[in-house]
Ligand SMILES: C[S@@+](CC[C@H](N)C(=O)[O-])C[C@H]1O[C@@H](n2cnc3c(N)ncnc32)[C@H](O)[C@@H]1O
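The chain below stands alone and is given as structure tokens, in the form predicted alone.
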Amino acid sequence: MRVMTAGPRAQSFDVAAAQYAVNRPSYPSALFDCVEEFAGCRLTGARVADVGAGTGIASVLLRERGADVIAVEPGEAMAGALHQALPGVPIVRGDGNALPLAEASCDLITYAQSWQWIDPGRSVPEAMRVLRAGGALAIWWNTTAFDVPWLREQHQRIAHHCGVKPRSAVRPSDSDAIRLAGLTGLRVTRRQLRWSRTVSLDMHLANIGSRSAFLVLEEADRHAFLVDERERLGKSFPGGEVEETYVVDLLVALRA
């Protein structure tokens, strides 16, 4: 688990909004059961701010659970894709470092795959300002299932090609995860949920190509990796489908 501040990688998603919307994985229903359990409230009727909402992957699921959702998204193209997916959901432009929301106006604030792009030193106080008493901040990531050999090996190839450090296959302890997320001093509960989806090889490669580490590369560099990866995976998965396995890492922090 890493926390990063916004920069070229955070801003890169806007150029691939359509690709992101179609190919990125969603989240299992059990995740939202855990959010309700840890937050101590039902999503039905709850006022929820989905921050860094992107194309609305989490916003859709929150709405399906009955939440009253407002989406916060800095990217113009991502916000446009979200509006197409959820035309009835209000969208405000901004990010977690300075939430464009009124004090004590939300029961729940969610960050799905987006907490790493903000500064926790600013975003945690902002979340506490916007949350009502007894409200909750929920952040989560779809992370790599490193115990699946081909996914672990692919992760290492991606990191090498993009010039970034591979993530450790050893997941941080609860206390380390809370510290790394910048939530020290809050009442935080953590759970990790394993799930998978079976997709075509085309979708799997498009999912990889929508990641920020790829989006900041030159097009030729992106293309070269994906061509090689298609050939490699085609041999391992001759049927043209792959099972992507994820571990959702969820942290829920309560406001006093």
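Quick caveat, the model's predicted, so the values are computed rather than measured. Each residue number is its position in the shown sequence, starting from 1.
Just so you know, the form predicted in complex with the named molecule exists too; it's not on screen, but the next bit is about it.
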Report task. Would you mind picking out the stretch of 200 to 208, 186 to 194, 55 to 63, 30 to 38 that comes within 4.5 angstroms of the named molecule in the model of the complex, counting non-hydrogen atoms? Result -> 55 to 63
Query raised in the report: Even though the named molecule is not shown here, does it sit in the model of the complex so that M78, D95 and A112 each have a heavy atom within 4.5 Å?
Result: yes
Query raised in the report: Is there a heavy atom of L137 no more than 4.5 Å from a heavy atom of the named molecule in the model of the complex?
Result: no
Report task. Flag I118 as yes or no: does it have a non-hydrogen atom within 4.5 angstroms of any non-hydrogen atom of the named molecule in the model of the complex? Result -> yes
Query - Contact flag, G182 vs the named molecule in the model of the complex, heavy atom cut 4.5 Å - result: no
